[in-house]
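The chain below stands alone and is given as structure tokens, in the form predicted on its own.
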């Protein structure tokens, strides 16, 4: 029934957005904690002495708020969201809650350092920053081996990996795509670029190199590799010279702050954005068939 409802809801949402100009979110990124079990180069939350962990009731209110806005897809993030718990409630409790409220599908984004074979999320995204030493250079020694072990033992039928390309791992992009294609436990790979939020500017990839990397990803995509990004969406990420529709996703931060779109706008980095969803959403609004198909494949 939820599949049917989502198939009916999506064209209605698109009509309201494209024709009526309604800027209602379609999806929510909800941060449930800032606990983590890694010390990544691009992140500083591991240094916090007292991690923030939202209560079950706080998450309920935030899900209800997002649903009323129009969102129907939710991605639980952290920190490391699989560490979340409130008494006897764990992350699966939040997934059930989201479905009970009416969300069509739930996603969990994990660093895969812990087993997650009991997850009931509709889809799982594993953060993969390259193969072997490239991933460990970003995430810490031994992180890649744990990730592979937990992916291979997961058994989830909708597990994908997400690579954020930066100045330290860009030479590993093609082999990472090959790895995803060669692992039967991985459905697809999504590619993004590092966005230079304050304190992480050194990880931003040179723009000319970024364009060359995009060309390589497009070649892989056209050759049949399971790249989630659409060609139309990727091409837009070469110059960012397009109207941003980042209001498609609302964000609820770990401190409870609610944003109608990515914080990149407030920090003034939109034209340096690496979140390829920006290009995907503009391509959807431009009625690019390959992007529409990619989006339906992701959500359906």
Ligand SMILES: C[S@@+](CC[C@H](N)C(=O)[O-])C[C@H]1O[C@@H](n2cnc3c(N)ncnc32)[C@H](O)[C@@H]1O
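Residue numbers count along the first chain shown, from 1. Only a predicted model underlies this, so the values are computations on that prediction, with no experimental measurement involved.
Same protein, other form: the form predicted together with the named molecule, not shown, and the subject of what follows.
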Check each of 93, 160, 176, 109 and return the one that places a heavy atom within 4.5 angstroms of the named molecule in the model of the complex. 109
Can you pick the one in 71, 230, 105, 195 that has a heavy atom within 4.5 Å of the named molecule in the model of the complex? 195
Since the chain is shown here on its own, which stretch among 148-156, 219-227, 74-82, 182-190 would lie within 4.5 Å of the named molecule in the model of the complex, judged by heavy atoms? 74-82
Even though the named molecule is not shown here, does residue 36 get within 4.5 Å of it in the model of the complex, heavy atoms only? yes
Taking the shortest heavy atom distance, is residue 247 within 4.5 Å of the named molecule in the model of the complex? no
4.5 Å heavy atom contact, residue 119 to the named molecule in the model of the complex: no
Interface membership of residue 67, the named molecule in the model of the complex, 4.5 Å heavy atom rule: no
Each of 60, 99 and 251 within 4.5 Å of the named molecule in the model of the complex, by any heavy atom, yes or no? no
At a 4.5 angstroms cut-off on non-hydrogen atoms, which residues of 120-149 are near the named molecule in the model of the complex? List them in order. 127, 129, 139
